[in-house]
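What follows is one chain in structure tokens, specifically the form predicted on its own.
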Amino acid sequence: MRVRADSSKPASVQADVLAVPIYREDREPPPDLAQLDEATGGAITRTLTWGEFNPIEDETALIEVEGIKAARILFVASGRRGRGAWRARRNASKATRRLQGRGATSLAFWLRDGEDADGYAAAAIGASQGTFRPYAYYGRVRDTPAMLRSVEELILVGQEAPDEHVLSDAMAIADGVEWARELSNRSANDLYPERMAELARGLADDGCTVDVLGPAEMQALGMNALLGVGMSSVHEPRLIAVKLPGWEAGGNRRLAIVGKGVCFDSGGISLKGAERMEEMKHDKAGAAAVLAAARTVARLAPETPLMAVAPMVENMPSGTAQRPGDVVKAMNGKTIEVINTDAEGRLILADALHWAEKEGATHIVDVATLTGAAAVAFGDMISAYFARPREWGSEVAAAADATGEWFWEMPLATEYRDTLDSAHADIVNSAAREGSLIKSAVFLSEFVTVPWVHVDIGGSAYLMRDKAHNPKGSLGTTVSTLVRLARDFAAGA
């Protein structure tokens, strides 16, 4: 997709379609909307008055207009004003998704709130997301040529156009988001630990150093928490580490991003129910995100002191599977009693976090589809995060805000630590359901000592059904945040 900015009035921008965000407050058109309404001979007022578009009930509406350079206006329901880059990204995604399979090849998207450079970049990423076709990878045969058409040119209309590099960088990030979505969407029989490692090795073409640890190497390092999860599958575990050229020169400031990589999670002996188990191919979304972020940063700023770590396993029931009641010793020497084999993500992260620190990471962020509790609490829009110290968490949250992702801080209440006590080991991997979102983070905090943030994307990693802004499947959540964080981290060195 070609992207450019235009500071002209919306009515004078040449495009097949002009996308206009409509807020709930726009029942009486404010001055900016009134000017466009006048130019179209009252088309906006008629559409709203006659109920052809209700921003509370309808997501989008496409109408033909006269008097402006665009042949059609696409109304986009935008909720209430606010949330800056997040709103711009979501609206732009709705707009391009609405035009999938139609004849429009150029879209002018009006940034009504006078967005800054971050808003422009977020809109560009969102517009690219809206053109994503989850069925394209496996080549669904019933698709027609019309279904494959999408917007080829995006014109971002606002008061002050950003520097050209802002939009070019945004499209590089959008490419990373799409790659993460593709990886997460791929089925478990197609993408398993060994194959994920093969794909990661391709990042050497971007100047990265790629190390892959197999079972023997991990055994020698004492990664028994990670190995215990993966020992039940015919596909053996891998630990993938991708280091950018700037990692070695990072000195006393090195950032590691660690992503949970469970290529399929059956729950193991603590077997999940059959309903929606097919979604468990997305339990590798965290690993997909950190690898995609590393690839993107390597292309934009290879001097960044960044390492991506992806512990990859399958969690399956078998005669060799880990059992409830088993005790394993993690790489940091702590023993863990496995109460629930379906609380496997925290086990593989325990070893991966400690390993990243031993490799020289001074700051760490982990991303994981860790708990169903995150989905219950926050739905699919918001990612929960925990931080130690909170100042480091504020930096991560600022990167999310800047790129149009929605993070929300949760308390790292170590007062719950006693609920994780074991009669036989140092800690259990699962406690009572009350407060389970917090307790999962408290567990992880036992395995890292440097500044650290845990991001739980259990609800925000993928959609369970098609929505106006994105199709069913992976969303590439946290890729843009991690890219922005890494670049800001390097700039602050």
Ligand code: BES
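Since this is a predicted model, take the numbers as computed values, not measurements. Don't overthink the numbering: it's just position in the shown sequence, from 1.
Omitted here: the form predicted together with the named molecule. The next part is about that form.
Trainee: Residues in which of 260 to 268, 388 to 396, 233 to 241, 415 to 423 have heavy atoms within 4.5 Å of the named molecule in the model of the complex?
Mentor: That would be 260 to 268.
Trainee: Among 343, 208, 356, 336, which has any heavy atom within 4.5 Å of the named molecule in the model of the complex?
Mentor: Flagged contact: 343.
Trainee: Answer with one of 351, 283, 405, 314: the residue that has a non-hydrogen atom within 4.5 Å of the named molecule in the model of the complex.
Mentor: So the residue touching the named molecule in the model of the complex, by this definition, is 283.
Trainee: Would you please decide whether residue 91 lies within 4.5 angstroms of the named molecule in the model of the complex, comparing each non-hydrogen atom pair?
Mentor: No, residue 91 is distant from the partner.
Trainee: Report yes if any heavy atom of residue 47 sits within 4.5 Å of a heavy atom of the named molecule in the model of the complex; otherwise report no.
Mentor: Residue 47: no contact with the named molecule in the model of the complex.
Trainee: In the model of the complex, does residue 373 come within 4.5 Å of the named molecule, counting heavy atoms only?
Mentor: Flag for residue 373 set to yes.
Trainee: With the cut-off set at 4.5 Å between non-hydrogen atoms, does residue 443 touch the named molecule in the model of the complex?
Mentor: Answer no; every heavy atom of residue 443 is more than 4.5 Å from the named molecule in the model of the complex.
Trainee: Judged by heavy atom distances of 4.5 Å or less, which residues of 408 to 437 approach the named molecule in the model of the complex?
Mentor: Only a single residue, 430, comes within 4.5 Å of the partner.
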